[in-house]
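What follows is a single chain, given as structure tokens, in the form predicted alone.
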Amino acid sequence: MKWIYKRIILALLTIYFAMTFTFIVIKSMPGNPIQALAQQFVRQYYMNYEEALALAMSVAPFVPKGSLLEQYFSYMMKFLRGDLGVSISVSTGTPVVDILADAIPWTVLVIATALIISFGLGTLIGMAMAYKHGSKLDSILLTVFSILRSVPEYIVAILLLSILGFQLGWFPVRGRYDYEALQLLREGHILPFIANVLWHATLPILAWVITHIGGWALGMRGSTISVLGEDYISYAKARGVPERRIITRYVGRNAILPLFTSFMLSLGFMFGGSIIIEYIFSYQGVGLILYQAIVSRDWFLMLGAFNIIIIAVVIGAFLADLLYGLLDPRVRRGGETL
């Protein structure tokens, strides 16, 4: 229990210092949300800059005032109360909590689904590659996954959008759902709405899976090959332990351990979405909102998004430490097996 208390304290300190660093970095960025909002008014309403600046200052009176230290303490105190401020330039006057509460479920739908699919398929394929180590199949898959791992997300996303979206018309090219589907939901037709949501999410999910499955497969392949060379595997075979039990209890369970922490951290990072994929598919998740906040220098919205990611990643790392002992009883914390 002492180890758990230490990890909780360490997690809280990590969150605090990461939030502090993020606050300083964001406040140090050139430009400010009022200037970004004024430039937006110039483009939209063809105003001169002085008029646009005056209008921006009038519609966004909630821009933080005072010294950097005063702004910092004010933000941290409000954050502890669950007040993340309001959007200044992206959605002027809207509470950041409401913006993120609307975007997070959609990001989790896409990224969590893609992460589970890529991790599950990647680990299974990686283990199969390890058992076929040196074969022609292993060489082909090794080449394919090495290439996929090195291809940027935006290349895959653009190709899927161009071929499956625009050319073949199999999938929608933007948005989270159609207006007609929303009308069906309001009329009580839930299943057609869910089907439409999944239809819109297919291409973003596919783009994520294609670009990440290679990393999981190659990682599992290397880990499995290492485990297969251990003495206890040879001893289990000599004892006549069934092959299926060796694969599941001895090889798979131990080979997946190095990937487990990465998986848990990926679960935390998923709350930040994928800026590139969400931007290309115009999918209104946290990633797209974060991109808009950075471009518009929306301080509160950037802070809210980054701090949610920080907290999720730290919690993911904490849970990984707790669950690691359940997966591997040899791991001891403070002299006690978890």
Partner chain sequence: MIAREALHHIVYDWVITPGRIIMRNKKALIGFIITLGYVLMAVIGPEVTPYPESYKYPKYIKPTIFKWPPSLEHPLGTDYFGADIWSKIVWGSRTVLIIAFTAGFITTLIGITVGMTAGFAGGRLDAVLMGVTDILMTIPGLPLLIVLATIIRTSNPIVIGLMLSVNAWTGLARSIRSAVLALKNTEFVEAARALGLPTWHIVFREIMPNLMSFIAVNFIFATIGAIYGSVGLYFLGVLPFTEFNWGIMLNMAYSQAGAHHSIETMHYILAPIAAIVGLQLGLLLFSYAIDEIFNPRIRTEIS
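Residue numbers count along the first chain shown, from 1. Quantities reported herein were computed from a predicted structural model and do not represent experimental measurements.
Although it is not shown, the form predicted in complex with the partner chain is what the next lines describe.
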Heavy atom contact within 4.5 Å of the partner chain in the model of the complex, the stretch among 274-282, 46-54, 32-40, 66-74: 274-282
Any non-hydrogen atom of residue 225 within 4.5 angstroms of the partner chain in the model of the complex: no
Proximity of residue 152 to the partner chain in the model of the complex, heavy atoms at 4.5 Å: yes
Residue 323 within 4.5 Å of the partner chain in the model of the complex, heavy atoms: no
Residue contact check: residue 116 to the partner chain in the model of the complex, 4.5 Å heavy atom: no
Residue (of 101, 238, 147, 80) lying close to the partner chain in the model of the complex, criterion heavy atoms within 4.5 Å: 147
Listed residue that, although the partner chain is not shown, lies within 4.5 Å of it in the model of the complex (heavy atoms), from 264, 161, 201, 125: 161
